[in-house]
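Here we start with a single chain on its own, the form predicted on its own, put down as structure tokens.
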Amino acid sequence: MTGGSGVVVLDNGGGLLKAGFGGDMNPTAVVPNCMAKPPGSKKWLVADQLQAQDVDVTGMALKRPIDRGYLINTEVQREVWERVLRNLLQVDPTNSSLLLVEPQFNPPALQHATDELVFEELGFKSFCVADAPSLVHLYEASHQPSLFRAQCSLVVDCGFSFTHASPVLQNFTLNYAVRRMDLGGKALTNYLKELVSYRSLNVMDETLLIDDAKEKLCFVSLDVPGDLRLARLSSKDNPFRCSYILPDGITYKKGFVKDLDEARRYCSLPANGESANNDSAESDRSKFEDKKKPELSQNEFVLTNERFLVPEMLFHPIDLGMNQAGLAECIVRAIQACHPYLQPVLFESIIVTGGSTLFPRFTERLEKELRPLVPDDYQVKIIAQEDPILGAWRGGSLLAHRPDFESMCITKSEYEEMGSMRCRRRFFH
């Protein structure tokens, strides 16, 4: 189904690519934006091929078209886009328009490379670009009457490569006030790889597996000192201890959490980080005494305090030797760069989006960190998206379904006549 639209909407993220048609509620495809080659094989797997149930992702060599948020390899990107367009969306680019979600502050040389890829190699008939914050605001404003009335919000995008705090006013991103942290989902995955490799198994080449373990097991702590004390307890009393099983290539080809109930024990802890009551502690203890001991032949690693220390990077990167402000300080600096009349409204309409905001307790911790930094007479309201991975794509779908969308695009003939630089002026980048 194309939603009655010939517009392809492409949110070209560094980790995941979301593709579908304008007017649809959800994208047709959400696939890894990369190519990967299994050890000992000459065949590269592209995008959705990595998600097949019979594919063992152990030790795969990865090629990503995007590094540190920007397009660096147009050949890999073309392979991924062609796979998505021809096989998953089944569209002919020469008869379609493209709405592309582009990184903020994309350098002119990379804009030109993108235009060449869209018009000269893929042959789209027309092309429009938009940035993620304005699209996230557009989508949320269509569902939240308060945002629609205020016409402004602060979009906090915790993406794959970066984390941006971007004020948006009347669907335009205020670029002068955008603040960026050089931290994203990729850095968190790399940090978890280092921790596991140092304490347990060498998993430095297992990017896809560790990414899966991070998404399934990590959470945000509301009381780091208290949780660190609990993490020192023995295995029976430790509410954070859990195991992740690596694939063996025969019985199972995907990694998985050994015991989901064990992994979710931390949810029953009070917010202040103290131990739960004695009755529940006793029941937990008896429950885990009855469990079978893990088989020594299984390839697995155990996580305890790593589960909350990895997301902690976003809030206090200085603790890990990174000379950067945390997420709360980044938000405050972005809002303070705006006009004083806008500041109280922006504090009341903070939208969090991006894959890293899916960590449990993320919103509660962010509000806890923000409150001491905000004037007492200002309210703080954080809006968590229903599906933060699809927020920008859904905004793009709404934009592409508008009657005046074609007037926002540049056509292939305009591109051939005027060139990339002059055409790009239409997008206010």
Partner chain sequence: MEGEEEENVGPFRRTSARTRRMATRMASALASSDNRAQAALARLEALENDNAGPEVVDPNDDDEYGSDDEEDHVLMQKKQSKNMKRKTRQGKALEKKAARSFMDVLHEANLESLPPHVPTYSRAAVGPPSTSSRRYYCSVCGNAANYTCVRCGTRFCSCRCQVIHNDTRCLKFVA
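Residue numbers count along the first chain shown, from 1. Given the structure is predicted, the values throughout are model-derived calculations rather than measurements.
Another form, the form predicted together with its partner chain, is not on view; read the next lines as being about it.
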Counting only non-hydrogen atoms, the one stretch of 351-359, 73-81, 134-142, 257-265 within 4.5 angstroms of its partner chain in the predicted bound form is 73-81
Although the partner isn't part of this model, could you tell me whether residue 60 comes within 4.5 Å of its partner chain in the predicted bound form, counting any heavy atom of the residue? yes
Applying a 4.5 Å heavy atom distance criterion, does residue 241 contact its partner chain in the predicted bound form? no
Is residue 305 close enough to its partner chain in the predicted bound form to count, meaning some heavy atom within 4.5 Å? yes
So in the predicted bound form, does any heavy atom of residue 191 sit within 4.5 Å of its partner chain? yes
Of 329, 211, 102, 115, which one comes within 4.5 Å of its partner chain in the predicted bound form, counting heavy atoms only? 329
Just one of 222, 337, 150, 228 has a heavy atom within 4.5 angstroms of its partner chain in the predicted bound form, so which one? 228
Output flag, 169, 371 and 386 jointly within 4.5 Å of its partner chain in the predicted bound form, heavy atom basis: no
Heavy atoms within 4.5 Å of its partner chain in the predicted bound form is the criterion; list the residues of 315-339 that meet it. 316, 318, 319, 320, 321, 322, 323, 324, 325, 329, 330, 333
